[in-house]
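The chain below stands alone and is given as C-alpha coordinates, in the form predicted alone.
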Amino acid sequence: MLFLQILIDGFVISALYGLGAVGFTLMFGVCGVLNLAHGGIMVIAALIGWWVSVTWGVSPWGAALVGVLAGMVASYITYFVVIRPIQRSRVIPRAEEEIFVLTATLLWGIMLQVGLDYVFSNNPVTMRALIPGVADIDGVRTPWNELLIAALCWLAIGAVTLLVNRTRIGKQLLAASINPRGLTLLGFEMSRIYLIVWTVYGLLAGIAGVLLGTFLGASATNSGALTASAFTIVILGGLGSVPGSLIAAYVVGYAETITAYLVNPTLRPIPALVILIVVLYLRPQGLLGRR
(Lines give C-alpha, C1' and ligand atoms only; values in the text may rest on other atoms or scores of the structure.)
Protein backbone atom coordinates (compact mmCIF):
# COMPACT_ATOMS: atom_id res chain seq x y z
CA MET A 1 0.00 0.00 0.00
CA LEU A 2 2.74 2.46 1.00
CA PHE A 3 4.82 1.41 -2.01
CA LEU A 4 1.95 2.22 -4.38
CA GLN A 5 1.35 5.57 -2.64
CA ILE A 6 5.01 6.48 -3.07
CA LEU A 7 4.85 5.34 -6.70
CA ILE A 8 1.85 7.56 -7.47
CA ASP A 9 2.95 10.66 -5.56
CA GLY A 10 6.51 10.32 -6.86
CA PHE A 11 5.24 10.15 -10.43
CA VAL A 12 3.19 13.34 -9.99
CA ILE A 13 5.94 15.40 -8.34
CA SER A 14 8.46 14.11 -10.90
CA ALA A 15 6.17 15.20 -13.73
CA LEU A 16 6.02 18.67 -12.14
CA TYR A 17 9.78 18.80 -11.82
CA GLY A 18 10.15 17.60 -15.39
CA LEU A 19 7.89 20.39 -16.64
CA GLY A 20 9.91 23.03 -14.79
CA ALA A 21 13.20 21.46 -15.88
CA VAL A 22 12.26 21.53 -19.59
CA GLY A 23 11.94 25.30 -19.48
CA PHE A 24 15.10 25.62 -17.39
CA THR A 25 17.03 23.43 -19.85
CA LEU A 26 15.65 25.21 -22.93
CA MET A 27 16.73 28.49 -21.36
CA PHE A 28 20.30 27.33 -20.88
CA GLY A 29 20.51 25.56 -24.23
CA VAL A 30 19.46 28.61 -26.26
CA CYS A 31 20.32 31.62 -24.08
CA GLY A 32 23.15 30.18 -21.99
CA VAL A 33 21.39 31.38 -18.81
CA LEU A 34 21.12 29.40 -15.58
CA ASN A 35 18.21 31.20 -13.94
CA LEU A 36 18.66 30.88 -10.18
CA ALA A 37 15.40 32.81 -9.65
CA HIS A 38 13.49 29.84 -11.10
CA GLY A 39 11.90 28.79 -7.80
CA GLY A 40 10.80 32.34 -7.08
CA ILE A 41 8.96 32.56 -10.40
CA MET A 42 7.15 29.28 -9.72
CA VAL A 43 6.14 30.44 -6.24
CA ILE A 44 4.88 33.77 -7.63
CA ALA A 45 2.52 31.86 -9.94
CA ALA A 46 1.22 29.71 -7.07
CA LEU A 47 0.77 32.54 -4.57
CA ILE A 48 -0.89 34.93 -7.03
CA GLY A 49 -3.24 32.15 -8.12
CA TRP A 50 -4.11 31.42 -4.49
CA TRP A 51 -4.58 35.12 -3.69
CA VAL A 52 -7.04 35.87 -6.48
CA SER A 53 -8.98 32.74 -5.53
CA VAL A 54 -9.42 33.59 -1.84
CA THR A 55 -9.73 37.36 -2.33
CA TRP A 56 -12.08 37.57 -5.31
CA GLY A 57 -13.60 34.10 -5.26
CA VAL A 58 -12.26 33.24 -8.72
CA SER A 59 -12.81 29.64 -9.82
CA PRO A 60 -9.88 27.19 -9.55
CA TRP A 61 -9.30 27.24 -13.33
CA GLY A 62 -9.55 31.04 -13.48
CA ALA A 63 -7.13 31.37 -10.55
CA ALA A 64 -4.76 28.96 -12.27
CA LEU A 65 -4.85 31.06 -15.45
CA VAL A 66 -4.08 34.23 -13.49
CA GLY A 67 -1.22 32.43 -11.74
CA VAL A 68 0.28 31.30 -15.05
CA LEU A 69 0.07 34.86 -16.40
CA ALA A 70 1.79 36.10 -13.22
CA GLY A 71 4.59 33.59 -13.82
CA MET A 72 5.01 34.86 -17.38
CA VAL A 73 5.13 38.48 -16.17
CA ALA A 74 7.78 37.53 -13.60
CA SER A 75 9.73 35.82 -16.40
CA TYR A 76 9.61 38.94 -18.58
CA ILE A 77 10.72 41.15 -15.67
CA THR A 78 13.63 38.78 -15.01
CA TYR A 79 14.68 39.02 -18.65
CA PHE A 80 14.22 42.74 -19.31
CA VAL A 81 15.32 44.07 -15.91
CA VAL A 82 17.95 41.58 -14.77
CA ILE A 83 19.37 39.64 -17.75
CA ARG A 84 19.14 41.87 -20.83
CA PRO A 85 21.02 44.86 -19.33
CA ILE A 86 23.95 42.56 -18.54
CA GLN A 87 23.94 41.00 -22.00
CA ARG A 88 23.91 44.43 -23.64
CA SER A 89 26.43 46.04 -21.32
CA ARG A 90 29.60 47.37 -22.93
CA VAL A 91 31.37 47.44 -19.59
CA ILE A 92 31.10 43.74 -18.68
CA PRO A 93 33.64 41.58 -20.60
CA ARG A 94 32.07 38.81 -22.68
CA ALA A 95 34.22 36.22 -20.90
CA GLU A 96 32.68 37.23 -17.56
CA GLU A 97 29.08 37.65 -18.70
CA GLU A 98 27.92 34.21 -17.50
CA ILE A 99 29.14 34.73 -13.94
CA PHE A 100 27.47 38.16 -13.83
CA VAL A 101 24.18 36.64 -15.06
CA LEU A 102 24.45 33.79 -12.56
CA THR A 103 25.08 36.20 -9.70
CA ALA A 104 22.31 38.56 -10.83
CA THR A 105 19.69 35.79 -11.00
CA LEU A 106 20.80 34.49 -7.59
CA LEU A 107 20.35 37.94 -6.03
CA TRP A 108 17.08 38.44 -7.89
CA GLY A 109 15.83 35.10 -6.56
CA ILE A 110 16.66 36.19 -3.00
CA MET A 111 14.85 39.49 -3.58
CA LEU A 112 11.77 37.63 -4.85
CA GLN A 113 11.77 35.35 -1.82
CA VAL A 114 12.06 38.26 0.62
CA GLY A 115 9.40 40.23 -1.25
CA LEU A 116 6.97 37.30 -1.29
CA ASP A 117 7.62 36.74 2.41
CA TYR A 118 6.78 40.40 3.07
CA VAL A 119 3.60 40.42 0.97
CA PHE A 120 2.20 36.94 1.67
CA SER A 121 4.18 35.87 4.80
CA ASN A 122 6.00 32.55 4.82
CA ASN A 123 2.96 30.49 5.82
CA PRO A 124 2.31 27.72 3.29
CA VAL A 125 -0.93 27.98 1.31
CA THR A 126 -2.67 25.54 -1.00
CA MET A 127 -4.66 26.40 -4.09
CA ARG A 128 -8.02 24.74 -4.60
CA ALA A 129 -7.96 21.52 -6.61
CA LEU A 130 -8.72 21.94 -10.30
CA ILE A 131 -11.13 19.01 -10.17
CA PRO A 132 -12.77 17.39 -7.13
CA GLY A 133 -13.10 13.74 -6.24
CA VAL A 134 -10.92 10.81 -5.27
CA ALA A 135 -9.91 7.77 -7.32
CA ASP A 136 -9.32 4.34 -5.82
CA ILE A 137 -6.20 2.77 -7.34
CA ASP A 138 -5.79 -0.74 -5.98
CA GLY A 139 -6.82 0.39 -2.51
CA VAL A 140 -4.90 3.68 -2.56
CA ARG A 141 -7.20 6.71 -2.48
CA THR A 142 -5.71 9.33 -4.81
CA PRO A 143 -7.30 12.71 -5.60
CA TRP A 144 -8.28 13.06 -9.22
CA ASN A 145 -6.45 16.38 -9.12
CA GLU A 146 -3.11 14.58 -8.78
CA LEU A 147 -3.77 12.46 -11.83
CA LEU A 148 -4.83 15.56 -13.76
CA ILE A 149 -1.59 17.31 -12.73
CA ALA A 150 0.54 14.50 -14.16
CA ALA A 151 -1.51 14.49 -17.38
CA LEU A 152 -1.27 18.28 -17.81
CA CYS A 153 2.48 18.24 -17.18
CA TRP A 154 3.11 15.65 -19.86
CA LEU A 155 0.71 17.39 -22.22
CA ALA A 156 2.73 20.61 -21.82
CA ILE A 157 6.02 18.75 -22.24
CA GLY A 158 4.68 17.12 -25.40
CA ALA A 159 3.57 20.51 -26.75
CA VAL A 160 7.04 21.98 -26.19
CA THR A 161 8.62 18.94 -27.87
CA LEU A 162 6.40 19.46 -30.92
CA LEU A 163 7.19 23.19 -30.93
CA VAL A 164 10.93 22.56 -30.93
CA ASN A 165 11.00 19.67 -33.39
CA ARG A 166 8.11 20.38 -35.77
CA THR A 167 7.85 24.14 -36.22
CA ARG A 168 9.90 26.81 -37.92
CA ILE A 169 10.35 28.68 -34.65
CA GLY A 170 11.55 25.47 -33.02
CA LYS A 171 14.17 24.99 -35.71
CA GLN A 172 15.40 28.52 -35.08
CA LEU A 173 15.71 27.73 -31.38
CA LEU A 174 17.70 24.59 -32.14
CA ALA A 175 19.94 26.53 -34.51
CA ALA A 176 20.47 29.21 -31.85
CA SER A 177 21.52 26.57 -29.34
CA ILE A 178 24.09 25.15 -31.80
CA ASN A 179 25.48 28.21 -33.59
CA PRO A 180 23.97 31.57 -32.55
CA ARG A 181 26.56 33.54 -34.52
CA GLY A 182 25.72 31.69 -37.71
CA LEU A 183 22.04 32.36 -37.16
CA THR A 184 22.78 36.06 -36.74
CA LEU A 185 24.75 36.10 -40.00
CA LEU A 186 21.70 34.65 -41.74
CA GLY A 187 19.70 37.71 -40.69
CA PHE A 188 17.82 36.39 -37.67
CA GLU A 189 17.32 38.63 -34.64
CA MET A 190 18.72 36.91 -31.54
CA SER A 191 16.76 39.26 -29.28
CA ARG A 192 13.53 37.95 -30.84
CA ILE A 193 14.62 34.35 -30.30
CA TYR A 194 15.56 35.09 -26.69
CA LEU A 195 12.14 36.66 -26.13
CA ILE A 196 10.45 33.52 -27.48
CA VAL A 197 12.50 31.36 -25.12
CA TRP A 198 11.66 33.52 -22.11
CA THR A 199 7.97 33.40 -23.09
CA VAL A 200 7.99 29.60 -23.30
CA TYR A 201 9.99 29.41 -20.08
CA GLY A 202 7.59 31.74 -18.24
CA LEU A 203 4.61 29.73 -19.45
CA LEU A 204 6.12 26.43 -18.29
CA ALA A 205 7.30 27.83 -14.95
CA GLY A 206 3.88 29.39 -14.38
CA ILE A 207 2.05 26.15 -15.13
CA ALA A 208 4.43 24.15 -12.93
CA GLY A 209 4.06 26.64 -10.08
CA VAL A 210 0.25 26.66 -10.22
CA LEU A 211 0.02 22.87 -10.39
CA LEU A 212 2.47 22.57 -7.50
CA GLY A 213 0.28 24.98 -5.55
CA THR A 214 -2.74 22.69 -5.98
CA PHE A 215 -0.72 19.58 -5.05
CA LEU A 216 1.76 20.32 -2.23
CA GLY A 217 1.03 24.00 -1.64
CA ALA A 218 3.58 26.81 -1.74
CA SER A 219 5.19 29.48 0.42
CA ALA A 220 7.91 32.09 0.01
CA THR A 221 10.42 29.77 1.68
CA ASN A 222 9.89 27.13 -1.04
CA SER A 223 11.63 29.18 -3.73
CA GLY A 224 15.16 28.20 -2.70
CA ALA A 225 14.34 24.49 -2.49
CA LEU A 226 12.58 24.56 -5.88
CA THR A 227 15.57 26.27 -7.48
CA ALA A 228 17.92 23.71 -5.90
CA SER A 229 15.80 20.84 -7.23
CA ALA A 230 15.68 22.33 -10.74
CA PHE A 231 19.41 23.04 -10.72
CA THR A 232 20.12 19.47 -9.60
CA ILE A 233 17.89 18.07 -12.33
CA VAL A 234 19.56 19.98 -15.18
CA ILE A 235 23.03 19.15 -13.85
CA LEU A 236 22.19 15.46 -13.41
CA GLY A 237 20.48 15.25 -16.80
CA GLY A 238 23.24 17.20 -18.55
CA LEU A 239 23.18 20.91 -19.27
CA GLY A 240 21.10 21.55 -22.38
CA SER A 241 19.71 18.00 -22.64
CA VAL A 242 15.91 17.86 -22.44
CA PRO A 243 15.70 14.00 -22.39
CA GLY A 244 18.39 13.95 -19.70
CA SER A 245 16.43 16.49 -17.63
CA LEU A 246 13.26 14.42 -17.84
CA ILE A 247 15.10 11.31 -16.63
CA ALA A 248 16.76 13.30 -13.87
CA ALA A 249 13.40 14.78 -12.83
CA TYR A 250 12.15 11.30 -11.98
CA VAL A 251 15.34 10.42 -10.12
CA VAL A 252 15.09 13.55 -7.97
CA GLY A 253 11.29 13.39 -7.63
CA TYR A 254 11.27 9.84 -6.37
CA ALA A 255 14.27 10.45 -4.10
CA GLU A 256 12.44 13.35 -2.46
CA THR A 257 9.16 11.42 -2.20
CA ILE A 258 10.84 8.40 -0.59
CA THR A 259 12.58 10.71 1.88
CA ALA A 260 9.31 12.46 2.75
CA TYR A 261 7.44 9.19 3.37
CA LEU A 262 10.12 7.02 4.98
CA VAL A 263 12.34 9.54 6.79
CA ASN A 264 10.85 12.98 7.47
CA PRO A 265 8.91 15.45 5.27
CA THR A 266 11.09 18.34 6.48
CA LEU A 267 14.13 16.60 4.94
CA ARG A 268 12.52 16.43 1.50
CA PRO A 269 14.95 18.90 -0.19
CA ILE A 270 18.09 17.11 1.08
CA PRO A 271 18.31 14.33 -1.58
CA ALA A 272 18.51 16.91 -4.40
CA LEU A 273 21.52 18.56 -2.78
CA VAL A 274 23.23 15.23 -2.09
CA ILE A 275 22.65 14.09 -5.68
CA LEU A 276 24.05 17.39 -6.97
CA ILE A 277 27.27 16.98 -4.98
CA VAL A 278 27.72 13.36 -6.08
CA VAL A 279 27.10 14.18 -9.76
CA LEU A 280 29.50 17.13 -9.75
CA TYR A 281 32.16 14.85 -8.28
CA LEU A 282 31.63 11.70 -10.37
CA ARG A 283 30.09 12.87 -13.66
CA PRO A 284 30.04 16.65 -14.04
CA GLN A 285 28.67 16.44 -17.61
CA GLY A 286 25.54 14.68 -16.35
CA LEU A 287 23.70 11.70 -17.80
CA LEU A 288 23.28 12.92 -21.39
CA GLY A 289 25.14 16.22 -21.40
CA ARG A 290 28.04 17.19 -23.61
CA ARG A 291 29.34 20.18 -21.66
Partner chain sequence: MPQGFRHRLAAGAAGLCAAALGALLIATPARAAGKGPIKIGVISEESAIVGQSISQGAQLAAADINAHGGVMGRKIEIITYDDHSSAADAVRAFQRAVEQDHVKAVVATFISEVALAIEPWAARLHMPTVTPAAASDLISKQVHDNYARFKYMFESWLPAPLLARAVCDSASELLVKPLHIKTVAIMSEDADWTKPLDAGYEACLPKVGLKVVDAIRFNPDTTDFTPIYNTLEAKHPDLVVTGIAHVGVQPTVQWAAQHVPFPLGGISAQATNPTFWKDTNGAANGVITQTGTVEGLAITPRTIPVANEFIKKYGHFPAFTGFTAYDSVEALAAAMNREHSTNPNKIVIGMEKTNMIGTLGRLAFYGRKSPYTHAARYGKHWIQSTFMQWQNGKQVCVWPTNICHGKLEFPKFIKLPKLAAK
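Here, rigid core means the biggest group of C-alpha atoms that superpose within 1.5 Å across both forms. Positions refer to the first chain, counted from 1. In this text the structure is predicted, and so the values were computed from the model without any measurement.
Beyond what is shown, the protein has a form predicted together with its partner chain; the following relates to that form.
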- request: Tell me, please, which stretch of 87-95, 201-209, 164-172, 139-147 lies within 4.5 angstroms of its partner chain in the predicted complex when heavy atoms are compared?
  value: 139-147
message: Does its partner chain, in the predicted complex, lie within 4.5 angstroms of each residue among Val22, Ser177 and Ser191, using heavy atoms as the measure?
response: no
- request: Answer for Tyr79 alone: is it within 4.5 Å of its partner chain in the predicted complex, judged on heavy atom distances?
  value: no
task: Using a 4.5 Å heavy atom cut-off, state whether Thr184 contacts its partner chain in the predicted complex.
output: no
query: Going by a heavy atom distance of 4.5 Å, is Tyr261 a contact of its partner chain in the predicted complex?
result: yes
query: Hey, in the predicted complex, does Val197 get a heavy atom within 4.5 angstroms of its partner chain?
result: no
message: Residue by residue through 105-129, which ones have a non-hydrogen atom no more than 4.5 angstroms from its partner chain in the predicted complex?
response: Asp117, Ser121, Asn122, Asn123, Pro124, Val125, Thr126, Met127, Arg128
- prompt: After superposition on the rigid core, does the Cα atom of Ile258 shift by at least 2 Å between the shown form and the other one?
  reply: yes
